[in-house]
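Just the one chain here, the form predicted alone, laid out as structure tokens.
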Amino acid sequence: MSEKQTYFLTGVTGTLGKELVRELLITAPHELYVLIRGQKNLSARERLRKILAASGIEHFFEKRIWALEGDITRPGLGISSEEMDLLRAKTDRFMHVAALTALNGSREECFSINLGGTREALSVGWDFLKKGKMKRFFYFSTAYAAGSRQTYRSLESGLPESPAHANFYESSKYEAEKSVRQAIAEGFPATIFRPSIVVGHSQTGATSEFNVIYPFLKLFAHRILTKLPSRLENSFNIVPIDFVIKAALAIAQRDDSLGRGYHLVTQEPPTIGMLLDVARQEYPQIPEVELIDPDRFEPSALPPQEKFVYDMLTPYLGYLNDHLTFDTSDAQEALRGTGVDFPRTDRGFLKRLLAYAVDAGYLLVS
């Protein structure tokens, strides 16, 4: 990945976006323009400087990476006309990463950001294609766009006609991906990446955000929850962030990836039983978790505090009773010879994830 290119990215304040920026800057002489929404106390430039400093790459600030003030939910992404002219003239590749990933997000929030934001990104992308020099557009969807509340084999070539979504995150990403696929059908040069549940680094377990699986571990470790509606043999598809980044960028270099979608997932997901066993061996002080058959689980029978917590966690429960599996034929073929291998999410990997969460102070065990 040595050829210099100019990238325009959204979503760089999120976990995936931060790591994409880091990888693009340290592996090649690329230039990056990134869309960031200013906050009350921090401008877009100040937010970018903080992100780079946290990764130890602040020296690239305004030398090879620049912040543009904007908002993906606004027309034209809220970019000024002067900066839009700059982007048309410079952008070779457009990566749309921005999304609301909260599984308990409201319908209004999820559809405004995930669907509305993607449609605005596509509109700007068409403008760059027709009036500028952009050649490629990359959209980060989710493997769970197919819907996690069903037994289904998800193919990389499309989406199911009748999905069974567990939350508004999934349904909004489904509609957003449909919009991208429609644009592809109309000649738009896009590639779709579908990661599963993104967790820490494959070798260190490091992560900047503790999402999806981590909150359950925290609630059990801190004795807030004692029961889990799942089965020992149930799997959950987690994928280390470094694999997602390296795989996406490797596939992005292939001309034959145009118009296609790729599952960036683990091919051998761990089970609930494996996770509980690793936690028990590594941290025996964590209380035992009582597994209850999901078909017989009655939240109303829980003590009031636990019932309140489970009501909040309902959008997450499908990921612990996952019957959705993923075809990876196209991703496997695209990664052949790149040196990027599908991740091993085995007991050793789970140990590293837990150890990092403990060392970072997220999981308090005593």
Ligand SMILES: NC(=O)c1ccc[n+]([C@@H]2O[C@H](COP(=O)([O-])OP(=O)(O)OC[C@H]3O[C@@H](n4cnc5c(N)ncnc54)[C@H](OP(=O)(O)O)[C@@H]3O)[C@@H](O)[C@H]2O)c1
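Numbers for residues come from their place in the sequence shown, where the first is 1. Predicted model only: the values in this text are computed from it and were never measured.
In what follows, reference is made to the form predicted in complex with the named molecule, a form of this protein that is not presented.
Although the partner is absent here, Ala121 is not a contact residue: none of its heavy atoms lies within 4.5 angstroms of the named molecule in the predicted bound form. Interface residue remark: Thr73 is counted as part of the site for the named molecule in the predicted bound form, having a heavy atom within 4.5 Å. Contact between Ala357 and the named molecule in the predicted bound form is not found at the 4.5 Å heavy atom cutoff. When contacts are judged by a 4.5 Å heavy atom cut-off, Cys110 does not count as touching the named molecule in the predicted bound form. Annotated contacts: Thr13, Pro195 and Val198 all touch the named molecule in the predicted bound form [non-hydrogen atom within 4.5 angstroms].
Note on the partner interface in the predicted bound form: the residue among Arg37, Arg45, Lys307, Arg64 having a heavy atom within 4.5 angstroms of the named molecule is Arg37. Thr101 is the sole member of Thr91, Ser154, Thr191, Thr101 with a non-hydrogen atom lying within 4.5 angstroms of the named molecule in the predicted bound form. Residues with any non-hydrogen atom within 4.5 angstroms of the named molecule in the predicted bound form fall in just one of 217-225, 175-183, 277-285, 134-142: 134-142.
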